[in-house]
Structure formats: C-alpha cells, structure tokens
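Encoded as structure tokens, the following chain is the form predicted on its own, with no partner shown.
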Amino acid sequence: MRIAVTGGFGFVGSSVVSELADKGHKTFPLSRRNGFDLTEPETVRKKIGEIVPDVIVNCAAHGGSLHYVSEFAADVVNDNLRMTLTLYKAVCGACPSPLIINPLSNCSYPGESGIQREEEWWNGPVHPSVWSYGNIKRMLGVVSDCYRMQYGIRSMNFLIPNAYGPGDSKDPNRTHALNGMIIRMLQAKKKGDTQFVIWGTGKPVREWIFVRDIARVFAIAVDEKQERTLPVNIAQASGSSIGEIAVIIKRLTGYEGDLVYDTSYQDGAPEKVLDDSRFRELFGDFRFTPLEDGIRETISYYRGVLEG
C-alpha cells in the first residue's frame, strides 16, 4: 500500500515509517523538513493529490510537556486545529478515498477519570493542566466524525497513553515526560549533581507505552484498513507513578544522587490508566515491550545523542 505519514520525521511518525517500510509498504514521510507544511492548504492538497495514498497516518502535532502546553496554550490550539482542518479538507478535495489513522493522546479523557474507557471519553471536562492539548485531540475526533458524515471519509482514531522511547526531542520541556526525565537525569549524573528534582509530587500514575509498540499497532491497523466509529485505546491496563519511574531510571542510569520533589510544579490528573477490553477484542494477544526493557533502550539512545 501507499502510505503517507504526516509528522513522518518526528518521534512517533519516524517509528511508524520504519515499521511500515519493514512490512513492505511504500511510505511517504511528510513534514516541514521536506516542504510539507500542514498549515498551508494548497501545499497539502497538491502533495496528497500527487501521492494518492491508500492510508494517511496523521502523526503531526504541536505539543510538549504538561508545562509547555499550559504556557503556550493558544499556540497549541491554533496550530493543531489548523493542521487538522487543512488535512481533512485537502483529502476531501484531492483524494477522498484513503483511511486516515489518528493518534489521540489519552489526556483527552475526562480529567478525573482513573480507568479510562472509550465509551466514557466525553463524560466530563479535560483536566485543566492539559486543557489546550486534550481538548484539541477531542476536536480531532469531532472533525473526523463530521467528514465521515458529510463526505464519507474514513478514519480510525486511537487513544494512546504516555509514549516514550528513542527519537524524541532533546529538550526536556518539549519531549514526552519519561524521556524528559531520562534526559535530565543523564545530565545530572554527568554534572555530578547530588540531587535530582522531580517536577511535582511524583504521585500521579500513568500508563506508559514504548513508541515502537504504537507503530506496530498502526501496522496491524493498516492491514485491516477498517474504519472505527469509536476511538480505540492502545492499552495495557496498568500504570506506574512518576516517582516509581524515576527510581527505575535512577537504577538503570547509575545515578547516585537523591531524588527530591518540587511541588511548585502542577501534577496533572492523579491517574491515567486505559481499559484494555476493546483493544484485546481487536488485537488479541499483542505483546507490549516490557517497561524496563523500553526504558533501558531509551537511556542508551539518549546517551548517544546527548554525548554525540
């Protein structure tokens, strides 16, 4: 199949491109790096018309840490909404047949939800700490539904927990939470710091997913090429607290300082763990990368890029 991947040189997108290419698909990574700007309607329409993809995996996004999406909330909303509307409008005008696969962050669930179930996705407001990013991911679901209703454009939306792994930003304020902690702890070890500061209380529980597991799920979904009327959790139904993750990173990096907590940083929602019932119905015995194995590989990656 011919598969376009927006944000194809980014964190999730590059893993998706690699996985799909390994499966024998013709992939087209698209980003500003190769002249594809999702905020420019004519550029997007022309490129989609040239490629005529069977599937578009829509990994492009403007995001960052919890603190980043609060500080730059208006920019996050503006850029992501423009990219979403531009993509769907371009597909409608240039090539209305592809399936669009959208990764949606699970921060779009209600802020007070503990176990996150797809049928409860709209049952309450997004947590204030991620108001911009969580709501814009809900809006992506709305846009996909509306284009299906009027134009028959098919979409498959996946709700994804906190991702980590190789290929993310080196800026701890722009990278995903677990990756950011690895970067900062490696830097603390190199400088000989006697304390490592965890942002917040360390108590919030999150579900974590290795980035290549997301790509593997998308590769299976591409082969099925079936529209899903409801979002599907990519879920393991288990989580670890920020503090527990810090302890694992400390052990695997060999950092010898003390872990301390800066409670002036906001925590976000107390728990985010996804229910895996629907995922298991659709993806059977899919095996996720064990947490420590994924963290170990991510540490190795960041040692290389930070010292290179």
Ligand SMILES: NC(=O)c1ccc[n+]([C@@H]2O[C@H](COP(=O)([O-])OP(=O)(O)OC[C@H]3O[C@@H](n4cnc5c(N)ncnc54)[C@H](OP(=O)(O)O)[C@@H]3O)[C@@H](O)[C@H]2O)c1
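All residue numbers are counted from 1 along the displayed sequence. Remember, it's a predicted structure, so these values are computed and weren't measured experimentally.
Another form exists, predicted in complex with the ligand; not displayed. Remarks below refer to it.
Segments offered: 26-34, 240-248, 264-272, 278-286. Contacting the ligand in the predicted bound form at heavy atom distances within 4.5 Å is 26-34. Checking I56, A61, L66, I48 against the ligand in the predicted bound form, a heavy atom within 4.5 Å turns up for just one residue: A61. This chain lacks the partner; the member of N162, Q236, T201, N135 within 4.5 angstroms of the ligand in the predicted bound form by a non-hydrogen atom is N162. Proximity to the ligand in the predicted bound form holds for none of G180, T253 and L291, with the criterion being a heavy atom within 4.5 Å.
Put simply, M156 is far from the ligand in the predicted bound form: not one heavy atom of it is within 4.5 Å.
Under a 4.5 angstroms non-hydrogen atom cutoff, the ligand in the predicted bound form lacks R206 among its neighbouring residues.
At least one heavy atom of T39 is located within 4.5 Å of the ligand in the predicted bound form. For P103, a non-hydrogen atom is located within 4.5 Å of the ligand in the predicted bound form, even though that partner is not displayed. Contacts of stretch 1-26 with the ligand in the predicted bound form, defined by any heavy atom lying within 4.5 Å, are made by G7, F9, G10, F11, V12, G13, listed in sequence order.
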